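So this first bit is one chain, no partners, the form predicted on its own, shown in structure tokens.
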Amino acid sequence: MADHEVDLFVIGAGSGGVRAARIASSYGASVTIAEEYRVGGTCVIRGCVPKKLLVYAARFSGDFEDAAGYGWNVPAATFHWPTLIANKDREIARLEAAYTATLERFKVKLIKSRAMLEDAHTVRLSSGERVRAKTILIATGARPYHGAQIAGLDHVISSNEAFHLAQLPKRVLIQGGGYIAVEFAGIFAGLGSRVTLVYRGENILRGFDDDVREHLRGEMQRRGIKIITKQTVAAVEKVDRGYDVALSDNRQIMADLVMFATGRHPNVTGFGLEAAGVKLAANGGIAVDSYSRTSVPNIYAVGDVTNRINLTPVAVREGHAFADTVFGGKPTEVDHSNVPTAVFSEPELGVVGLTEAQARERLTKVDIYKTSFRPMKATLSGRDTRVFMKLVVDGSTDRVAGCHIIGPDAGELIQLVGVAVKMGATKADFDATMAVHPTAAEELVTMREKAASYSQAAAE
């Protein structure tokens, strides 16, 4: 027998779970949410929020250097890692408290406990208490995945531990080529570490536009980051001088910190999915339909645990749509197309829509517009850097199918461009928009000359 019953039980108090819980409660549902670690989930506690704070910190070194060209005489700057981490921890604690207060304000019962599914309607807590739920939502996120077992893997950290290092390491080796690897490479390099990035593929940021990948790699290398591709870490040995890292080509690299950012796997084990009859998808996440419903009619899943698009705003949208559908009487499907995203590398990257390669596969005609230029700020600072922008256009309809930006505030720019792309704006609409001068963004509406044009008919 259950100790009590609720309309909705949410497992996981991350961004998606918290949004779903409070919206469901606002519709009058009785809601309980369980979280075994900290309220806020990956994004708030050990992901995008603390990472962005570290990104800001890393950029100051470049700002100090650039100031000289503008007449500022800045004394030699020093950096104190423990101060940054302490201040970051205070901010994360404040955000966690804010999330907790939101749940209280919406009368959601929070239980700090691991939750296990005993069947499709029963949840057992670590205290032994059982809760009967009409509907269950799984929002357990994902966890770091280190890949193949190698000698010395116990010496390797993930991004989770990187936020709690006692000191800034002088030499850092990062394995990986995605968001997290590229971002932390920029963070450590900006704060003064010597960084080596090792990636098994041809180039960093697999899945992004090829021009973007090449441009960002060049920018990172100009900032002193050593990038080694087509190799993997074969072994890590602790020695007196740090860690002796062996690569797959037998190269040896010394490091004070070895971090793996080789992906994250959905958290689908250890809490009773099998007992409840919930099936997994081929992508390793929980299988769901367009309304986030699993193979069990009263159990739903949102966010990274479904391994659809693993971004915090997507989890939030899925959580809200779930609550609208199940408790608000407003069936809502989430549109996962044209989701804008940013990589907070140095320089920053923002993208929305199709890459050039994807467009050539899916569209009958493709027009490409792109430009690369020295940003105005660099003319006096003397910094060796270039902005890159690219528009991918459906040549049959003139609709802008993709936009790719590398440069300062690319994340801010792509959010606004994402609105236009989502609305179906055409290249003619971009061209008809008056430029804001002098800005980098004006290039988005002044690109007139095609860099390339492809058609399936011509190819055949």
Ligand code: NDP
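Start at 1 and count along the sequence shown; that's the residue number. Note that the coordinates shown come from a computational prediction; the quantities given were computed from them, not determined experimentally.
There is also a form predicted together with the ligand; it is not shown, and the following applies to it.
When you look in the predicted bound form, the only residue of P169, G190, G350, G176 with a non-hydrogen atom within 4.5 Å of the ligand is G176.
Y145 is the sole member of F373, F79, F106, Y145 with a non-hydrogen atom lying within 4.5 angstroms of the ligand in the predicted bound form. Residue contact check for R200: one or more of its heavy atoms lie within 4.5 Å of the ligand in the predicted bound form. In the predicted bound form, E183 approaches the ligand with a heavy atom inside 4.5 Å. In the predicted bound form, R38 stays away from the ligand, with no heavy atom inside 4.5 Å.
Although the partner is absent here, G285 is not a contact residue: none of its heavy atoms lies within 4.5 angstroms of the ligand in the predicted bound form. Only one of 276-284, 86-94, 219-227, 337-345 lies within 4.5 Å of the ligand in the predicted bound form by heavy atoms, and it is 337-345. With contact defined as any non-hydrogen atom lying within 4.5 angstroms of the ligand in the predicted bound form, the contacting residues in 241-263 are A261, T262, G263, given in sequence order.
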